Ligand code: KG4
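Take a look at this single chain in structure tokens; it is the form predicted alone.
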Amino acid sequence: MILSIESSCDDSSIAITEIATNKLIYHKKISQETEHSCYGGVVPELASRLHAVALPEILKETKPWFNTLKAVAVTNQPGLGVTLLEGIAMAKTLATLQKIPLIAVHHLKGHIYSLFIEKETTFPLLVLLISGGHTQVIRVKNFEHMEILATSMDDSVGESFDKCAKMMGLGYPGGPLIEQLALKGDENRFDLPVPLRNSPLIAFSLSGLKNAVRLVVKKLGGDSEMTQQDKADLSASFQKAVKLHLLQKSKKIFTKEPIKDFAIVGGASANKYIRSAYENLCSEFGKTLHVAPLEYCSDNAAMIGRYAIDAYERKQFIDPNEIDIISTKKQQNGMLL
């Protein structure tokens, strides 16, 4: 078995995965959404303290498998430094006491492997990763070779959903709230700009759209003066603009990339409106769409454990004394490291 730990942001999660079969034996996640909701976003120091309580509680439930462990895996980048530290400290201790190898896992690679929980891998693969911290298209040739083809110039999709929800006084996390409210709204009421519509750049940008939402909220008198229908219509209009932006840039990539398998991963990939749009786009370009089960779209240890199996087979271990905490995304020459 491999024990995996995820603590890159506000989800405390531990999983046990069987190496020989990819079977997920145990998985538990404790979310901190309630504690952070009153602040409208994640407070790093609070998240760290909550991890320090939740992770040991979850770990107690995994003791029956301790004698079967062949390695321990942990997210070490990218993420919030103070929260990554909690998971890494636990992983280093377990690896040392159990005398087993330690595997450091890149969080974004973990999201890609959320597609393969209890499955074999499907490579090569084009991946759209949309989460609270990232918006990227990645060409995944194999385990060792992952190249970033496009990334956000500013805000991520998930962050934009959260910020726009906050502007409208909807709460946190904003993604699910906007998606649900949009079901009751008119997506054509507000003519919001589609970012980089006339630009040849193959990149993403959400800051201008986010500002356009702010101006609409201001024009309507602020969130306290907006009616529920105003908020529903603005949510739907915003979601539509995000969809059109993602599709427009994805089409440019699809015309150049012969890879037939395409996937959407990350927390924002749980948005069914966006998933549906990509089903149509993949059909148009003759590509097969892959998505992770909804319960594994957001941060979780199951995806970290699944990646760790492939890393274990390649003996990609790290000395517990040398593991680094990398709080920002690390890449070189467009490669996901």
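None of these values were measured; they are calculated from a predicted model. Just count from 1 along the sequence shown to find any residue number.
One more form of this protein exists, namely the form predicted in complex with this ligand; it is left out here, but the text below deals with it.
Only one segment in the set 48 to 56, 63 to 71, 277 to 285, 298 to 306 has any non-hydrogen atom within 4.5 angstroms of this ligand in the predicted complex, and it is 298 to 306.
For the candidate spot formed by G133, G158 and E179, every residue has a non-hydrogen atom within 4.5 angstroms of this ligand in the predicted complex. Note on contacts: among G185, G267, G110, P101, the single residue with a heavy atom within 4.5 Å of this ligand in the predicted complex is G267. Among heavy atoms of D233, none comes within 4.5 Å of this ligand in the predicted complex. In the predicted complex, at least one heavy atom of D162 sits within 4.5 Å of this ligand.
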